[in-house]
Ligand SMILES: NC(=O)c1ccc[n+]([C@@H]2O[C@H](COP(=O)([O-])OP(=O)(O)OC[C@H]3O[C@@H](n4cnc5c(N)ncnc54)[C@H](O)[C@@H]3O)[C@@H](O)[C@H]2O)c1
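What follows is one chain in structure tokens, specifically the form predicted alone.
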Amino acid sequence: MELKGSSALVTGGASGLGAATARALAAEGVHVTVFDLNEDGAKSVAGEVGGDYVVGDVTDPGQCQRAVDQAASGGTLRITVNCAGIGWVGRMIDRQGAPHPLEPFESVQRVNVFGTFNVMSKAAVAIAKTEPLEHAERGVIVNTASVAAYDGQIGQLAYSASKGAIVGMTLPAARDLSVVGIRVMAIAPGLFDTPLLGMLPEAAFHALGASVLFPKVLGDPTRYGQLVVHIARNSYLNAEVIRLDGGIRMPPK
């Protein structure tokens, strides 16, 4: 798919994987709309890439529609990348013998699963209205899963469940949208050097990098952005989840 001159919506684009994706797409001539709760970060990244930004919450369908409308107004919307997400750590039974609370489990699903669904479904409607390209392709949606969908660690029940749901949505969404020429892919990142991991002590930070099979470093978010660009370009990639993890297989803890 030709990228130059098209428009893209990137959720969670104010930092980390989303910001790297916004930069990578913009470097290919794509007009990027950043959708994030962090107004300062979204404004900064949008200014850097010459795009637009929308401040909002992916769990709110109305705000998702507003972001999609903004992205579509900036050009022909053909690319949507869902990077917005949160995590939470908690065991099924804690050290006091109490069960895993429902509220944080629900919160993680609302943001990671419902948020991805909200944006994906509304973006698909907008992309489906565009003029078809070669082989009747209209665009691509890329969602962010995680290696935790496969290698969930102790305390990652809520997060792993949410990322497993994104993996599970990939094939049926691609099948649903094939009739309108929209591909659906997911990327399952491993350990990446994002602001969340940047809060760890230096020794722990380096230990995580050493645990990667090869190369023994944490993933650079630019690698995620590069893969998004390749997925968008390569029209034969569809209905698949790609692990981007340096070969790591997460231990129980």
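Residue indices: 1-based, along the sequence shown. None of these values were measured; they are calculated from a predicted model.
If you look for the form predicted together with the named molecule, you will not find it shown, but the lines that follow are about it.
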Which of 91-99, 138-146, 171-179, 123-131 has heavy atoms within 4.5 Å of the named molecule in the predicted complex? 138-146
Can you tell me whether residue 195 touches the named molecule? I mean in the predicted complex, with a 4.5 angstroms heavy atom cut-off. yes
Within a 4.5 Å heavy atom cut-off, is residue 28 in contact with the named molecule in the predicted complex? no
With the cut-off set at 4.5 Å between non-hydrogen atoms, does residue 158 touch the named molecule in the predicted complex? no
In the predicted complex, residue 190 touching the named molecule (heavy atom, 4.5 Å): yes
The one residue among 184, 46, 58, 228 placing a heavy atom within 4.5 Å of the named molecule in the predicted complex is 58
Relative to the named molecule in the predicted complex, which residues of 3-17 have a heavy atom no more than 4.5 Å away? 12, 14, 15, 16, 17
